[in-house]
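Shown next as structure tokens: one chain only, the form predicted alone.
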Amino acid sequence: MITRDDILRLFIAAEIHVTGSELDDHAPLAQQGLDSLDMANLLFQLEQSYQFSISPTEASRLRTLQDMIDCASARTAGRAANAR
């Protein structure tokens, strides 16, 4: 399972300078100061870190921190089960 802290580490990798306490998990990241370049960098980090691809349609639905946690958890869930 992917946690909030896992996704927040991607913010650091993407050089997005916000702290976890500044972010509302359920509010759109665009309303919390992230611009389109930040979002692109964050999605790139998400893909690279968890080794899956995000389609443009799917990317347009990832608006909140919780959306990213849910997406990464769902996309990696099968791997954890297969690794056991």
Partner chain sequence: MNAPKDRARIVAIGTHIPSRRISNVERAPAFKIDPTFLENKIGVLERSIKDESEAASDLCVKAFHDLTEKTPIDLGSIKLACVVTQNPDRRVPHTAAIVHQKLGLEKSCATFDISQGCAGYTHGLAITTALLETLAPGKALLFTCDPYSTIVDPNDKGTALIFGDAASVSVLSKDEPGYALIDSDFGTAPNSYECLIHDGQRLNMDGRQVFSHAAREVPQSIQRVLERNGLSTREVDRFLLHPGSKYIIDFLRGALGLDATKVPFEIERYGNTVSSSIPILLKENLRRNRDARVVLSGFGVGFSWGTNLIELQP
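All values reported here derive from a predicted model rather than from experimental measurement. Numbering follows the first chain given and starts at 1.
Another form, the form predicted in complex with the partner chain, is not on view; read the next lines as being about it.
In the predicted bound form, the partner chain sits within 4.5 Å of a heavy atom of Ala14. When contacts are judged by a 4.5 Å heavy atom cut-off, Ala30 does not count as touching the partner chain in the predicted bound form.
The partner chain is not drawn, but in the predicted bound form it has a heavy atom within 4.5 Å of Phe44.
Relative to the partner chain in the predicted bound form, residues Ser36, Ile54 and Ala59 are all within 4.5 Å by at least one heavy atom.
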